[in-house]
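This document opens with one chain alone, in structure tokens, the form predicted on its own.
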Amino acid sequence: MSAVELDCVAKVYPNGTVAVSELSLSVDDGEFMVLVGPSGCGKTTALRMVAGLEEITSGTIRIGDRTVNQLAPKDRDIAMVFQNYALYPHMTVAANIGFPLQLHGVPKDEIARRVDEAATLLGLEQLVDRKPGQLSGGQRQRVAMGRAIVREPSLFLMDEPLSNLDAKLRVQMRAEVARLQQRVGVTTIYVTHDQTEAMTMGDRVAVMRAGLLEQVDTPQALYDDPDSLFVGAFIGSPSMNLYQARLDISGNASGSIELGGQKLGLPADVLTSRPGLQRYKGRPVVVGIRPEDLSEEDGRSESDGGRLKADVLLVEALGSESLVHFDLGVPIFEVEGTRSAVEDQGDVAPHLAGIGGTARFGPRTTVAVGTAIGLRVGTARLHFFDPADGRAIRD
């Protein structure tokens, strides 16, 4: 196994297009690191630079104790798993898995042993004599992973390996991939545009946008404490509700934010935990509210304290929960690049984007479309951002 270090790595194409800009990222030995972001953010380019398939413009890449900038892919001790499996259709499962070892002149008995171990690990023992055309998508992906495992590399690189699978199989396979990585213990860099996949698989997640690294942290930390508007909007499904609001503070004791003519009270602990809010007194801020931090109240509630009034636009009953889409009379704050990101992820009700918000209610809610409801807001869990630079407001 090996740690990976990217130090100010950049990729600029001859036509001037900047694909990756000053990317610095450390991946610990044995860690499962996920690169996530919308299409075109530079995550696959970053992976290909680590693999040696894309020449870097500047910066340094180290794998273990070696600087690999000038090393060919075959000399970097890596194994890649691609989106399209890249299996040889005329070869059996066993031959596909063992092919990299055959190329390196490994003795036949050693190839047989390692292929058998990989097939057993991946549950392919009964399929080793079949050819790819006789396998399901999930089985083909397991074969592709087996071909990477038998090489016993110091680093796995995976480029959207589950994107060609149907939704149910993707859920199953992402659990299997995460379990497999834990068992094998090989350092892994995994690229995906699906933030649910990133959150459920990664030890840490690096969020990229337009060639830049926005934030890297554990999945829960990204969700609970995003550094920027983009991370707040991108991480989470349904997305965080974002609104531009005016902040009013009375000393250090209390305050409120005004949303489209409604006032939402802020208790003192919200202000003391975010002293940076004092600089925004009387100024606009962007407030973020997670859908699960909105709960329903019976009847139409007055908009005092931690309550807001809203009109119900759509109710999606999902069995385990209900997603209630509403209108507060104030537009959602649009963050550049997140509309396409939401579409990439297949987020719910994209046709409502930009006109309201979403709350996560219990499965047996009785709210109905066209009615007015009271929303109780978990004010202690609000997020605040600067509308100009998009950075989180904390200290």
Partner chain sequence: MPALRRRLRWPGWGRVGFYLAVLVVLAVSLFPFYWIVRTSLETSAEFSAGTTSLLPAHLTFSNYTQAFTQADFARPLLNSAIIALATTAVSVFFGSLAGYAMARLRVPSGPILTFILVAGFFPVLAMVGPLFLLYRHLGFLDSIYPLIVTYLVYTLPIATWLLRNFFAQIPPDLEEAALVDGATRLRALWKVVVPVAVPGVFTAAILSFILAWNDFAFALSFLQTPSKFTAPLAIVNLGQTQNAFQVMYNRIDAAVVIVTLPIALLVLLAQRRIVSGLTAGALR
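We call the rigid core whatever largest set of C-alpha positions still superposes within 1.5 Å between the two forms. Residue numbers count along the first chain shown, from 1. Note that the coordinates shown come from a computational prediction; the quantities given were computed from them, not determined experimentally.
Quick note: we don't show the form predicted together with its partner chain, though the next part is all about it.
K.L.:
So, V18, S58 and V68: all three within 4.5 Å of its partner chain in the model of the complex by heavy atoms, or not?
P.N.:
No, none of the three is in contact.
K.L.:
Since exactly one of K108, R179, H90, K168 fits, which has a heavy atom within 4.5 Å of its partner chain in the model of the complex?
P.N.:
When its partner chain is considered in the model of the complex, the option within 4.5 Å is H90.
K.L.:
Heavy atom within 4.5 Å of its partner chain in the model of the complex: which of G133, G185, G123, G319?
P.N.:
Checking each option against its partner chain in the model of the complex, the one that comes within 4.5 Å is G133.
K.L.:
Taking heavy atoms only, is T200 within 4.5 angstroms of its partner chain in the model of the complex?
P.N.:
It does not: once its partner chain is placed as it appears in the model of the complex, T200 has no heavy atom within 4.5 Å of it.
K.L.:
Is Y280 close to its partner chain in the model of the complex, meaning a heavy atom pair under 4.5 Å apart or at it?
P.N.:
Residue-level check for Y280: no, no contact with its partner chain.
K.L.:
Should V367 be classed as touching its partner chain in the model of the complex when contacts are defined as heavy atoms within 4.5 Å?
P.N.:
Judged by the heavy-atom cut-off of 4.5 Å, V367 is well away from its partner chain in the model of the complex.
K.L.:
Although the partner isn't part of this model, could you tell me whether P100 comes within 4.5 Å of its partner chain in the model of the complex, counting any heavy atom of the residue?
P.N.:
Although its partner chain is absent here, P100 would touch it in the model of the complex, with heavy atoms inside 4.5 Å.
K.L.:
From the candidate stretches 33-41, 46-54, 327-335, 356-364, select the single one in contact with its partner chain in the model of the complex, where contact means a heavy atom within 4.5 Å.
P.N.:
Checking each option against the 4.5 Å cut-off leaves 46-54.
K.L.:
Which residues from 146-162 come close to its partner chain in the model of the complex, meaning a heavy atom within 4.5 Å?
P.N.:
Contacting residues: R147, R151.
K.L.:
Quick check: Q134 between the shown form and the other one - does its CA shift reach 2 Å or more after fitting the rigid core?
P.N.:
Shift of 2 Å or more: yes.
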